[in-house]
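Shown below, as structure tokens, is a lone chain in the form predicted on its own; questions about how it binds or moves come after it.
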């Protein structure tokens, strides 16, 4: 039978140097010796720094993929964050701009309401706060509508003012609204006096250009440009001392016996929406007496007796004209 194959053995002439175990022990001892010596003498510091400097380019190349990935991810994240933040800030800016505009409007309205409150405290007669609905559509008249009517006890003839001065007078009343004729209307007049010297006169609306005329005053009348015109109160409709207009132009023609004086109203009817409607106790008392006397005459069939204590409605006022309307 053939003999079993024996494992091949390395020829002895290929074996060189110490065994692996001996080399392990030798290099371990050498490493420990170098470590101990370096910890004492620090002679390998420069060598270590040199190796680190030589290996730095390799370290940079090895870390380049990771750094590129990290930078790309950070850029995309920052870009998306900035885009989202910019969108939110733009939207917030739009909302803040709208709120700021509303705030400015409310501040102006608040100041106007404060002026109306101050005017209401100065005026002796009771006053109701109303709001302008719209201006008249007829270009040849100066009228507007307010949101108070007979349901709020508004009567024809009541004066209408704002925080700056007189606006006009109620001429027609409806259940939920009232028509106000402005003092610049050509059908309306208002007794005034010059605040500087107390000179009384009648101001008439020109109907155009938002001005008032003071006709039938002599050429040598003591009125100057810039004089402030206020209500005289002699008509019993407008309280005394309310601002009406300011004299803007005076023309004195030697060939004419009268001066041509124009003034501009001081009331801000075109700048605000809130107004005050002043109650007139005299007119309300007169209206109540007329109605009561009419009712009693109808019931008894006898003419009504005159009441000597009743205050008559001022002649020539818009209140009387409104009462005469059908």
Partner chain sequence: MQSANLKHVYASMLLAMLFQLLPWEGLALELRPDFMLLTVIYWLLRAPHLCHIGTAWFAGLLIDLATGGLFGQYALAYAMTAFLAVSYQRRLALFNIWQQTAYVFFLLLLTQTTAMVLKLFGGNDFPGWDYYLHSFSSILLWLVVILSPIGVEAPPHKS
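Heads up, when I say rigid core I mean the largest set of C-alphas that superpose within 1.5 Å between the two forms. Note that the structure is predicted; figures quoted are calculated from it, not measured. Positions refer to the first chain, counted from 1.
The form predicted in complex with the partner chain exists for this protein as well; it is not shown, and the discussion that follows is about that form.
- The candidate stretches are 135-143, 233-241, 75-83, 248-256, and the one lying within 4.5 Å of the partner chain in the model of the complex by heavy atoms is 135-143.
- Though the partner chain is absent from this view, in the model of the complex it lies within 4.5 Å of a heavy atom of just one residue from 151, 228, 186, 128, which is 186.
- For the chain shown alone, residue 48 is a contact residue for the partner chain in the model of the complex, at least one non-hydrogen atom being within 4.5 angstroms.
- Residue contact check for residue 172: one or more of its heavy atoms lie within 4.5 Å of the partner chain in the model of the complex.
- Residue contact with the partner chain in the model of the complex: residue 27 places a heavy atom within 4.5 Å of it.
- The partner chain is not drawn, but in the model of the complex it has no heavy atom within 4.5 Å of residue 69.
- In the model of the complex, the residues of 48-80 lying within 4.5 Å of the partner chain by at least one heavy atom are, in order, 48, 51, 52, 55, 58, 59, 61, 62, 63, 66.
- Remark: with the core as the superposition reference, the CA shift of residue 260 between this form and the one not shown stays below 2 Å.
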